[in-house]
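First comes one chain, alone, set out as structure tokens in the form predicted alone.
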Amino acid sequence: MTDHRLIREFFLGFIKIHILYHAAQAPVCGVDLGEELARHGYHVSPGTLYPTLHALERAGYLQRESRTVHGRRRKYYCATGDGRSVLQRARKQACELLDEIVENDG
């Protein structure tokens, strides 16, 4: 596996956690998530973002609802109980990993 592909896999994992985080705060739509992710340096194409949202929904971590906003139908996603649960586990593991990485850095 090339370094580029490995880094991409890491960031896709971070993106999934980021999506779950925001969906646990309030229902979010893909457009808003794309903008939020870009604000954090993740430039995710719709061809990556929407399949990721659909996969998280199929896995039972997100629930989708349709809303009409300014005359357009938008799909909003919110975290399910399982999504919140996996987010909590991911937070714990991410903190443990970050502590180890930072501890050995200095």
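Residue indices: 1-based, along the sequence shown. By rigid core we mean the largest C-alpha set that fits within 1.5 Å across both forms. Remember, predicted model here, so these are calculated numbers, not experimental data.
FYI, the form predicted in complex with the DNA isn't displayed, but the following is about it.
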item: Any non-hydrogen atom of residue 50 within 4.5 angstroms of the DNA in the model of the complex; value: yes
item: The DNA contact at residue 61 in the model of the complex, heavy atom, 4.5 Å; value: no
item: Touches the DNA in the model of the complex: residue 46 (any heavy atom, 4.5 Å); value: yes
item: Contact flag, residue 72 vs the DNA in the model of the complex, heavy atom cut 4.5 Å; value: yes
item: Contact set, 6 to 31 vs the DNA in the model of the complex - heavy atom within 4.5 angstroms; value: 8, 9, 12, 16, 29, 30, 31
item: Core-aligned CA displacement of residue 10 at least 2 Å between this form and the one not shown; value: yes
